[in-house]
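Take a look at this single chain, the form predicted alone, given in structure tokens.
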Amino acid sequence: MIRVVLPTHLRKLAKVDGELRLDVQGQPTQRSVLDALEASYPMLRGTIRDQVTFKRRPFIRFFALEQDLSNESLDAPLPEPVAKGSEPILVVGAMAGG
């Protein structure tokens, strides 16, 4: 099980409270987690990544173990504590402006 923490606005859209737990087959990667997330919560399709290019949306970031994973390859294995479910992966809506 992979633990995923979504920002409030995406939790409201998905109609969930708190942390999500996703069953991801094979080696967990950002891509496989996002695939499982969108399969379980189809209303989130297009909110985290573009549905044509599958690239992360500009103001969305991914964190785990206090590390920014946003610019890592989508197919890179997630850190072991995340893959084992002892630590969550965080989806964070970045702030911009001045």
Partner chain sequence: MSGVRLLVGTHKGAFVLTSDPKRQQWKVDGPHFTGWEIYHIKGSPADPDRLYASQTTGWFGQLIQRSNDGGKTWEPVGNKFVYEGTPGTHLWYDGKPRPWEFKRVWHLEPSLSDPDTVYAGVEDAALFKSTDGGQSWSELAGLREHPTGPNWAPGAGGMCLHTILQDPKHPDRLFIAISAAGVFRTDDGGKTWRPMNRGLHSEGIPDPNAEVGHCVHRIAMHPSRPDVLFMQKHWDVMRSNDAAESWQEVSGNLPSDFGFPIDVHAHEPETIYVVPIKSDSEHIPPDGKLRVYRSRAGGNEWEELTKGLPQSNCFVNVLRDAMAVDSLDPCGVYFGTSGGQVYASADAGNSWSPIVRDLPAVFSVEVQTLA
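Predicted model, so just to flag it, every value in this text is computed and none were measured. Numbering follows the first chain given and starts at 1.
Missing here is the form predicted together with its partner chain; even so, the following discussion is about that form.
Contact flag, residue 39 vs its partner chain in the predicted complex, heavy atom cut 4.5 Å
Although its partner chain is absent here, residue 39 would stay clear of it in the predicted complex, with no heavy atoms inside 4.5 Å.
Might residue 1 be said to contact its partner chain in the predicted complex, defining contact as any heavy atom within 4.5 Å?
Residue-level check for residue 1: no, no contact with its partner chain.
Is residue 60 close to its partner chain in the predicted complex, meaning a heavy atom pair under 4.5 Å apart or at it?
Yes, residue 60 sits close enough to its partner chain in the predicted complex that at least one of its heavy atoms falls within 4.5 Å.
In the predicted complex, does residue 67 have a heavy atom within 4.5 Å of its partner chain?
Outside the cut-off, so no.
Is it the case in the predicted complex that 21, 32 and 76 each bring at least one heavy atom within 4.5 Å of its partner chain?
Per the other structure, none of 21, 32 and 76 touch its partner chain.
Members of 45-79 lying within 4.5 angstroms of its partner chain, judged by heavy atom, in the predicted complex:
Contacts from 45-79: 45, 46, 47, 51, 52, 57, 59, 60.
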